[in-house]
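Presented as structure tokens, the chain that follows is alone, the form predicted on its own.
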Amino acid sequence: MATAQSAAAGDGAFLSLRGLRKVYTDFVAVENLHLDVPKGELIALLGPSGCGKTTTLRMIAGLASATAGHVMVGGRDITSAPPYDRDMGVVFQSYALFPHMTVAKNIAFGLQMRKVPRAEIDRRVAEAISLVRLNGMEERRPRELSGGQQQRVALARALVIRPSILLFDEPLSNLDAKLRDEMRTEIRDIQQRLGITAVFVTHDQSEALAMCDKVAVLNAGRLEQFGSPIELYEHPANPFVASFVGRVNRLPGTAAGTTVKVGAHDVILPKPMTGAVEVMVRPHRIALGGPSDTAPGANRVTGTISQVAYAGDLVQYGIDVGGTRWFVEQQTTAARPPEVPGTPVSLSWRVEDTLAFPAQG
């Protein structure tokens, strides 16, 4: 049984998860999860499929029971409270709109279930429709709306009940890339204007970094790291976080002090290490130059371009460095066409941009 101390919310936290655990028969979906979310912040639960992020969200919402641990909101333990007594709004991946109801009636449904007076329902529905920019669409049904419009209805329905916490379960995964970018900006803007505490589940690292105050990276049911987007990207706690939050070149090497041997090249590390290590360098932090160019104060290796992919705003290069494939990304310019395969090049990057971790296994 959890002690009072283990169940207590973290200092300054509005939503706290204390030792949260979920087991399905012989499968551990979430293991000993501790998380503190200050009031008014938007956090992401980020990780690959099966990492436990949606299970965690469902335990917060009361849609799944916790095997162990506590869910605290404003100092109140709601672990055993039913969903309707948790004061939370949920926006689902599938939108979950009633197809036979109009936009206005979908939004009003939660208020009607709470026995809110008719005049108050009409006023709050009108406010919610204006907030999500659906004016003039009140009498349309879901089949008459685009994916983005349906998502706005789902958001308005969650907001109209004025919840203390807003939960998002991969709400943008069904939208195209352009609409997804627009919706994430709108969601963030509304969340900040209302000052509402929110938890956003996603497997898209760019979405998590762009939208959220903090990001919890989960893997196999465990929390790998929790921090701001900058902290996770610039100072990952381990190789999993480094490779999941952004792209990296992963290179085996042997370290002795601040020097690590990577293939035939010596790479300088920001801090000393010893033994087998894994060196990581982000592709966009690497500069391409001529094979004889020098880069004082920086790490430098040489190789030959083997692959070129033009992606509009970026050119992505695959480069053979002594039999090892490296990847480099450069912004495109109209004045300079991409390099071509077979071109000898040098790769240079700041010592501070070199990540290194003890080799695993």
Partner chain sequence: MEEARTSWPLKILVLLLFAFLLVPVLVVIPLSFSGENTLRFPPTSWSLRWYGAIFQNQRIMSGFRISATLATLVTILTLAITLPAAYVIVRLRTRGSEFLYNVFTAPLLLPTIVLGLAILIIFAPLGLLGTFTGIALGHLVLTVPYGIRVTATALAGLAVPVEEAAATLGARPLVVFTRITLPLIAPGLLSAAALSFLVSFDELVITLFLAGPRVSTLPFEMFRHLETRSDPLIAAIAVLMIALTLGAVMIVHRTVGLSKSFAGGR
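Basically, rigid core = biggest C-alpha set you can superpose within 1.5 Å across the two forms. Residue numbers count along the first chain shown, from 1. Bear in mind that the values here come from a model prediction, so they are computed numbers and not experimental data.
Another form, the form predicted in complex with its partner chain, is not on view; read the next lines as being about it.
- The partner is absent here; in the predicted complex, the one residue of 28, 63, 309, 298 having a heavy atom within 4.5 Å of its partner chain is 63.
- Think of it this way: in the predicted complex, its partner chain has a heavy atom of just one of 117, 99, 195, 75 within 4.5 Å, and the residue is 99.
- Using a 4.5 angstroms threshold between heavy atoms, residue 112 counts as touching its partner chain in the predicted complex.
- With a 4.5 Å cutoff on heavy atoms, residue 94 counts as touching its partner chain in the predicted complex.
- Its partner chain is not shown here, and in the predicted complex it never comes within 4.5 Å of any heavy atom of residue 70.
- In the predicted complex, at least one heavy atom of residue 90 sits within 4.5 Å of a heavy atom of its partner chain.
- If you check its partner chain in the predicted complex, you find no heavy atom from any of 204, 235 and 282 within 4.5 Å.
- The stretch in contact with its partner chain in the predicted complex, judged by heavy atoms within 4.5 Å, is 82 to 90, chosen from 216 to 224, 258 to 266, 244 to 252, 82 to 90.
- Looking at 154 to 187, the residues that come within 4.5 Å of its partner chain in the predicted complex, counting any heavy atom, are 157, 161.
- Superposition of the core reveals a Cα shift of 2 Å or more for residue 113 between the shown form and the other one.
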